[in-house]
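Taking the form predicted on its own, here's one chain by itself in structure tokens.
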Amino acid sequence: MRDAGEKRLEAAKAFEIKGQVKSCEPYGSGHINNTFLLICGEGEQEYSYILQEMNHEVFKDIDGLMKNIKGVTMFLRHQIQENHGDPDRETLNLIPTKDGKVYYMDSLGNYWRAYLFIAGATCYNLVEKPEDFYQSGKAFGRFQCLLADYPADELTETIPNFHNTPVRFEAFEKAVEEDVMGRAAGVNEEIRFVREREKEMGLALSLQKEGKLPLRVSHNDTKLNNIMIDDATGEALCIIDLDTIMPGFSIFDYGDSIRFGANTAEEDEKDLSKVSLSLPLFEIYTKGFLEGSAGRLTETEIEMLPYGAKMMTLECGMRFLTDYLQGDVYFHTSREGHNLDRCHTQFALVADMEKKWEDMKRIVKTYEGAALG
């Protein structure tokens, strides 16, 4: 059996890289794919690439996934060139295989892809200062701006119904009914919390069917560490981790960022008195997002931003509660009742958003001008 180094070398040599392989070492902190920094040399010249072994247990449709990434990155590259930017640094750039494909399947049936390495930029796991959150908002707003004319309906849905909240609610109700762990009786209050908000869950889909909410290219994993920050300027440079790109709604990408980044507590905080929506962080992200979108969002999308934040938080809490009822089979847990703690945190944040609803709407209204142009 070949060792891991031999497997990586086989994959590296399948791509149109420059020079000879000098090193290929683990890189970054991702948990889904195996990522390596590939250094190649030709005389005194060095070339750097990112080599990734894709997790085909998580992502079953590698063809669809890579078609999405190829289409979106080529479109972004063109848009960045049109805006006189640097397309080698401001978007991911796929390296083709020697036979012209966008990924390689090795002799063991593993799937690989390669990107140009973006030098002079860093990803951060945590918001260290408010400016980081502003830059995050600006980056994802610009992502929406640059991709506003991309035909989102042509994208493959790599994870079906990922943010289809009514479908998530059906899965929740099924878990309550089946009650395989006998836990439902102990979470009556939490079940009631979800059911009281059922009527709101289908609003985005209804507006889309009415032609009032456009289908967009949705990133679906809008964490800070999926943005490369330029080391020299401190400004957001490039959105990465495009595996979950799918047709969706801009308000849900925005909302998931608020859910995670504007919460004053950790996602699994037991002391719910620490959980609240930070209005200053909500404001600075909203400012960045709407500035970055540069007039490409509709009035309905802007008006629905608070709803996006609330719905992503409610959906996440509902998913934690569903998993708790099913016996903690999806999300990794490290203690008894971990998913229930996570559920409580999300529901507490939803409740706080409802208290601050008028403030959230006012803040969005304040920066609406930047988005409508």
Ligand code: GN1
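Values in this document were obtained by computation on a predicted structure and should not be read as measured data. Just so we're on the same page, rigid core means the largest C-alpha set that superposes within 1.5 Å between forms. Start at 1 and count along the sequence shown; that's the residue number.
Another form exists, predicted in complex with the named molecule; not displayed. Remarks below refer to it.
>> Please tell me which of Glu303, Glu267, Glu128, Asp231 lies within 4.5 Å of the named molecule in the model of the complex, judged by heavy atoms.
In response: Comparing distances to the named molecule in the model of the complex, the residue within 4.5 Å is Glu267.
> Of Asn226, Gln79, Asn164, Thr97, which one comes within 4.5 Å of the named molecule in the model of the complex, counting heavy atoms only?
Replying inline: Here the answer is residue option Asn226.
> Do all of Phe59, Asp221 and Tyr330 end up near the named molecule in the model of the complex, with near meaning a heavy atom within 4.5 Å?
Replying inline: Yes, because Phe59, Asp221 and Tyr330 each have a heavy atom that approaches the named molecule to within 4.5 Å in the model of the complex.
> So in the model of the complex, does any heavy atom of Arg319 sit within 4.5 Å of the named molecule?
Replying inline: Yes - in the model of the complex, heavy atoms of Arg319 and the named molecule come within 4.5 Å of each other.
> Do Gly337 and the named molecule share at least one heavy atom pair within 4.5 Å in the model of the complex?
Replying inline: Heavy-atom contact with the named molecule at 4.5 Å: absent for Gly337.
> Are any of the heavy atoms in Arg142 no more than 4.5 Å from a heavy atom of the named molecule in the model of the complex?
Replying inline: Answer no; every heavy atom of Arg142 is more than 4.5 Å from the named molecule in the model of the complex.
> So in the model of the complex, does Arg259 come within 4.5 Å of the named molecule, heavy atom to heavy atom?
Replying inline: Yes.
> Residues in which of 39 to 47, 303 to 311, 24 to 32, 321 to 329 have heavy atoms within 4.5 Å of the named molecule in the model of the complex?
Replying inline: Every other range fails; the passing one is 24 to 32.
> Even though the chain is shown alone, can you say which residues of 120 to 159 have a heavy atom within 4.5 Å of the named molecule in the model of the complex?
Replying inline: Counting only heavy atoms within 4.5 Å of the named molecule in the model of the complex, the single contacting residue of 120 to 159 is Ile159.
>> How about Gln326 - superposed on the rigid core, does its CA move between the shown form and the other one by 2 Å or more?
In response: Gln326: C-alpha displaced by less than 2 Å between the shown form and the other one.
> So with the core overlaid, does the Cα of Arg113 end up 2 Å or more away between the shown form and the other one?
Replying inline: Yes; that C-alpha moves by at least 2 Å between the shown form and the other one.
> With both forms fit on the core, has Met246 moved 2 Å or more by CA between the shown form and the other one?
Replying inline: No: Met246 shifts by under 2 Å between the shown form and the other one.
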